[in-house]
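Shown next as structure tokens: one chain only, the form predicted on its own.
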């Protein structure tokens, strides 16, 4: 009996795209809905997947409590910067891809009934890098938190540091946000900074490490220059786990490493402890 021809063979049913994820830590193939139900954490090894600013708001804040501020602010191209493409075009591409005007989302909301001002940077938009719009939105958030006497929560998902395409206008945002935070501190506010993977560059060198309490998610990469850059500069072997949340906790740079499922409870507990509402 002749073998079945290619055309006669029943077609294999493919797995629909988007149902499974490959965990970059344990390499397990995990069901996407299982990951999402655990706040985007791997059910096998507790790897914390990156999440968008909008999803982070849903995870942290009480349902339907978020009021966004300064949503219409958009970046400009003051330097006419061009690398492999014009910066103006890069901005348009990023806006189309992410549905965001820039890398930060700021506003007011509630965490377990406690009113807060919150700002989040999103890695999906140019690695969460800090340009003039990001700096302006975070500064305004700190100023409004001062006026309203509300706790201030910033969540960093910024692996890009200061945005090179805006030059000194980007670098000055480090000082501007820091000055707004200093005024907030002088007024007696509670500033909680939550560091996620990755938090690097000018963000780590300014507002990300100025919290009254600094929380980090497990195994997040946090630092200024990358490990490879440092190693090539000082020509020394770096310690195991260098620039991870756990390494920074051991050396006093962060106060707590907290699993994503517990961050809401931890922040509300801090607010109650400091009696700022």
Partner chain sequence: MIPTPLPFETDLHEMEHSLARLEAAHGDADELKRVRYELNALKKATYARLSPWDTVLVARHPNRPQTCDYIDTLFDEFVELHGDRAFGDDRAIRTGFARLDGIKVMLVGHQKGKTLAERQQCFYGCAHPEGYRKALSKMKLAAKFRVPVVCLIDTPGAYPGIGAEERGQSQLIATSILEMSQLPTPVVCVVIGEGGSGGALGIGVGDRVSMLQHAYYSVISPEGCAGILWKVADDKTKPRAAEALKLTADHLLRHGVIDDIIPEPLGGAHRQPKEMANTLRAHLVRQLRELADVPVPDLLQRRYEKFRKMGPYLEQ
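We call the rigid core whatever largest set of C-alpha positions still superposes within 1.5 Å between the two forms. Numbering follows the first chain given and starts at 1. The shown structure was predicted, so the numbers you read here are calculated from the model rather than taken from an experiment.
The same protein has a further form, the form predicted together with its partner chain, not shown here; the description that follows concerns it.
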item: Check all three, 168, 172 and 180, heavy atom within 4.5 Å of its partner chain in the predicted complex; value: yes
item: Of 75, 198, 109, 189, the one that lies within 4.5 Å of its partner chain in the predicted complex (heavy atoms); value: 75
item: Contact label in the predicted complex: residue 245 to its partner chain, heavy atom within 4.5 Å; value: no
item: Its partner chain contact in the predicted complex: residue 114, any heavy atom under 4.5 Å; value: no
item: Heavy atom of residue 79 within 4.5 Å of its partner chain in the predicted complex; value: yes
item: Any non-hydrogen atom of residue 66 within 4.5 angstroms of its partner chain in the predicted complex; value: no
item: In the predicted complex, segment of 22-30, 54-62, 37-45, 232-240 with a heavy atom within 4.5 Å of its partner chain; value: 232-240
item: Heavy atom contacts to its partner chain in the predicted complex at 4.5 Å, residues of 195-226 in sequence order; value: 204, 205, 206, 209, 210, 223, 224, 225
item: Core-aligned CA displacement of residue 45 at least 2 Å between the shown form and the other one; value: no
item: Residue 28 C-alpha shift between the shown form and the other one of 2 Å or more, rigid core reference; value: no
item: Flag for residue 241, CA shift 2 Å or larger between the shown form and the other one after aligning core; value: no
